[in-house]
Ligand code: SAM
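One chain follows as structure tokens, the form predicted on its own.
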Amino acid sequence: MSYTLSPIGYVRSCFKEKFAIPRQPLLAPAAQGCIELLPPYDQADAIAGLEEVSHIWVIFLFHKTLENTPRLKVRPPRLGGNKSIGVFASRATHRPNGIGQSAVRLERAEAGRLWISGIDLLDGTPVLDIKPYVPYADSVPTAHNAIADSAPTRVQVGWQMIALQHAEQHAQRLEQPLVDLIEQCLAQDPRPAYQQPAPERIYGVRFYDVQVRWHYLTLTHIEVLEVSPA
């Protein structure tokens, strides 16, 4: 038996490309966006009661990684990208049916729009469902996961002075915490774990409408080189 799912809305996100998106939600609190709901869910009745909720589950579609051939094993970045485990033991984006879920902070709700933060969602992501986070049921104090037993080690993020000045200028224009967003995302070490980057290798990614470029001084120290219009 097959089923057909239709989006109830789409994510408008600070992340315009997949690279450098945090690998889990809530790791970058400055990452903000909104869910634009589609009819009939764009009416006030659909969100009544959400003013009592601080966090929500967003059920979504990995629309950029949909595949026709099922994957039974994947190579999670957490394990260095060179060790395979079963797809159901990971949160890899290559999912059966392409379905993902993220727990994010709900900043405010209005008819047709939910403003969210701490997101790990690409701009344009189709949303399939929204559910309230229920602390007593969704948080399990005795839970364990030996593969990912703690948050990844963060790397140090420094700035060239001109890059920081430009970031602050763009932050004022966008009215968004751009400097915090850059630091929080780059601190997650977005490079593929198998790469050993030399200082001359320049990485880049787009946040909002600006391009950010950086390099690695060491494997634990990033320096932001440039923040410019995309």
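Don't overthink the numbering: it's just position in the shown sequence, from 1. It should be emphasised that the depicted structure is a prediction, and the values quoted were computed from it without experimental measurement.
If you look for the form predicted in complex with the named molecule, you will not find it shown, but the lines that follow are about it.
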Selected contact from 97, 84, 101, 156, since only one has a non-hydrogen atom within 4.5 angstroms of the named molecule in the model of the complex: 101
Option touching the named molecule, based on a heavy atom within 4.5 Å in the model of the complex, out of 171, 181, 56, 61: 61
May I ask whether 21, 25 and 91 all come within 4.5 angstroms of the named molecule in the model of the complex, judged by heavy atoms? yes
Residue contact check: residue 122 to the named molecule in the model of the complex, 4.5 Å heavy atom: yes
Although the partner isn't part of this model, could you tell me whether residue 165 comes within 4.5 Å of the named molecule in the model of the complex, counting any heavy atom of the residue? no
Would residue 195 count as touching the named molecule in the model of the complex under a 4.5 Å heavy atom rule? no
Since only the chain is shown here, I'm wondering whether residue 176 would be in contact with the named molecule in the model of the complex (any heavy atom pair within 4.5 Å). no
Heavy atoms, 4.5 Å, the named molecule in the model of the complex: which of 156 to 164, 141 to 149, 122 to 130, 108 to 116 makes the cut? Say which one. 122 to 130
